[in-house]
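First, one chain by itself in structure tokens, the form predicted on its own.
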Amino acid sequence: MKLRLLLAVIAPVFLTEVVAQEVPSTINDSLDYYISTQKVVTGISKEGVVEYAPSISADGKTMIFEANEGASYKLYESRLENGQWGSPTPLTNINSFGDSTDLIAGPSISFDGNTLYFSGSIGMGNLSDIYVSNKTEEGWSVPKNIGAPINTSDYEGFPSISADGSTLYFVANNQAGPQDKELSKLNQICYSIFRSVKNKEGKWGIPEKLPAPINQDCEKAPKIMADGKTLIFSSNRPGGSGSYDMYQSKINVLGEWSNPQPLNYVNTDKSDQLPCISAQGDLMYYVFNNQDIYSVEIPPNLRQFMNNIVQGKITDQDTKQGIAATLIVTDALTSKTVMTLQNNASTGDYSIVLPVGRNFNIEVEKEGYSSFTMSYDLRKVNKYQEISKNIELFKSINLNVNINDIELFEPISADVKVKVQGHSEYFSELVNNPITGEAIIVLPIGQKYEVSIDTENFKGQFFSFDLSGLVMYREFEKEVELIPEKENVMINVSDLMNNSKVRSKIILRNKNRDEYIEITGNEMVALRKGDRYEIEATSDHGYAFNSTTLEVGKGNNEVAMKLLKLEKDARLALKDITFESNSATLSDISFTELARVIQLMKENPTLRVEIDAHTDDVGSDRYNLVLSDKRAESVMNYLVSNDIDDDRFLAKGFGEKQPKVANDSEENRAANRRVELKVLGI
């Protein structure tokens, strides 16, 4: 036969029939409180069944209790919906942990509703141990024995966990027995209230027996309130109303417990015990006469410190699944840690009970994830509140790197490489968007990174990015401005005939990007390596223009430009004046050089020129002569259309009669297809 304690130790004994009427209260005129109406909790109590040892979550919406519907006491759960407690459901994984005759009793649900402590007489010869179960998406997990140093070979039962999860109150054998002589005569087994506190490593410390005036004779069922300072327990000490009565005591900053005050607004000559109160603190549930669970409104002057609840889910922002995290609550004024909590690892649910009158900071931490902080100033709050706050954490951030030219402020295509600081190999290599200059780098949280930016003909850049500490935001931007590599180029401008220096203006247009440079001739200029420039030289001292192109970095760090003196019969060969095949229609490439001619004509209003057009030797002489005439006229018409008088031009075609070089190759034929200006007068 299994060794059992008297059922009265763990569960009530039927002494009378189930009572459903209101319970009379005694009045203690010396205390300023009033008589509240006490009622049996409907929806939970069943006729012929004892409901015992209620425990309630901080939000007051979940109650877990024991009942003897079967061969032994097991645990049941009920939810409060629309002000009504729902039909209780058995906690299957817990109740089936032992066999049908094992006692499962004294539940204590954590204030966040994620952890359940209870006592059980499970297995042969087991007096009673304390067990723990965690809430999962499938329900309560298979319980585990909380182990030493709390559990021993003796009796431990009726646990109560503090709101911050750091302190566990419970009862164990009172080896000295009751001081009351009447109790001693009855050989009644007595219990004392003990407390165990978790250390920094999260291990339970050696239990300590609470001093007098808490432990006096036979104590039972301690319940620590949400404020962590108020303890309500049952005792049959002398001076009570009869049998077990309920008492309240508070601990001060020195760790001293106040003299327990009897809860005379609810104590009767029957057994009144096993109280529990939600964080709101206005309603108490308890067991009357060892049979049913009752509720009673607590007089305002006896209510615990007022609390607010912050609750919600902590989830992965990408998967939307619940994740386990640590919540650190600190005093905003002193920065001292008030409590450290763990949320539900399976569902992500969390609940924090905060006493009003203080200012709090809350930090949410999870290794490999972002951090989250929130603040609640409750110094002027004078009412109970339930604050909903869902929190999403993320494993990686997006670093948006914008790569631009430091001088021109335009995007640059570049290679982006990323490695963990201290590592030799790059784990990410990409090319940014050449149009926007943007590169998005995904970086896992928890490391320090080194990012290098390189592109041809620009000085590379390197920067560090630290994600090893507090990370609050997911999107980051980094502006990277690259400095172009340059070479000094000397631009010499001289007279075509006598090679003397000419005072001139030089305009350089970068063909690779939007860059425009203006200098005077015979000067050194720093040009971008690898870029191709169009160089134009003009002079207001009676010279024609000249143009050329330069690709910087090819070893040609000096440009010599010859200018033609504008005098009668001088000839200026125009560059890049081309036509459609066998046509007099100007091609688009011609308009750049023609714009220079227009400028020349406007800057020299007395200048008159002959426009001479030439062809190669392909085709008949007659055909080439007519074609060249039409091409010369086409150039003249374009110049006239740009507000230059037509009497300043003479158009003339020469066909193939005046080749510049022999028509013996395609390259030479292209050179012979040309347009020249001959100065008629100035």
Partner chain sequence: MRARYKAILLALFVITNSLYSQKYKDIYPRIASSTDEGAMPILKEYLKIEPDHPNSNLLLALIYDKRYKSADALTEYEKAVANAERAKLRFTKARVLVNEKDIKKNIGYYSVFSSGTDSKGRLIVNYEIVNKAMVTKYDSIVLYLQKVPDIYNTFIKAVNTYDASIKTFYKVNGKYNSLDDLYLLYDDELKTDLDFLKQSFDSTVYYLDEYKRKIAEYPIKGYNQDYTIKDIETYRLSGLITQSNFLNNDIQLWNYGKWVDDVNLLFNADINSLRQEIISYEEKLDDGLKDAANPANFSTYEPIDRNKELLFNLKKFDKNSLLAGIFQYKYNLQSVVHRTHNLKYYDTASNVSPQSKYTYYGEMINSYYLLDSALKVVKSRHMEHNVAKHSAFMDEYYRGFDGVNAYLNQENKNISNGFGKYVLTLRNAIIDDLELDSMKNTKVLSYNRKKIPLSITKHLLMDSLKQGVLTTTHLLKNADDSKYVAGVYRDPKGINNVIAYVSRVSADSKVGWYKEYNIELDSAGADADNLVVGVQPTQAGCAIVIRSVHKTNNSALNSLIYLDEAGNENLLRRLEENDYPRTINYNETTNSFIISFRDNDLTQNFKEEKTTTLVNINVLGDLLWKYNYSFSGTLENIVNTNTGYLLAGNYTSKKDENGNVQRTKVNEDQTNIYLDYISSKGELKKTRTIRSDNSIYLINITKVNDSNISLFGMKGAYNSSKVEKPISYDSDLAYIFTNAKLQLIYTKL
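Numbering follows the first chain given and starts at 1. Please read these numbers as outputs of a predicted model, since none were measured by experiment.
The discussion below concerns the form predicted together with its partner chain, not included here.
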Give me the residue from E425, D588, E138, E201 that has a heavy atom within 4.5 Å of its partner chain in the model of the complex. D588
Just to be sure I understand the contacts: of E450, E610, E515, D282, which is the one whose heavy atoms reach within 4.5 angstroms of its partner chain in the model of the complex? E515
Non-hydrogen atom contact F654 with its partner chain in the model of the complex at 4.5 angstroms: no
Taking the shortest heavy atom distance, is D664 within 4.5 Å of its partner chain in the model of the complex? no
Please determine whether S375 contacts its partner chain in the model of the complex, using a 4.5 Å cut-off between heavy atoms. yes
Within a 4.5 Å heavy atom cut-off, is A332 in contact with its partner chain in the model of the complex? yes
With a 4.5 Å heavy atom cut-off to its partner chain in the model of the complex, the contacting stretch among 494-502, 102-110, 84-92, 474-482 is 474-482
Would you check whether its partner chain, in the model of the complex, lies within 4.5 angstroms of a non-hydrogen atom from each of A71, F97 and D318? no
Counting only non-hydrogen atoms and a 4.5 Å cut-off, give the residues of 234-272 close to its partner chain in the model of the complex. V253, L254, G255, E256
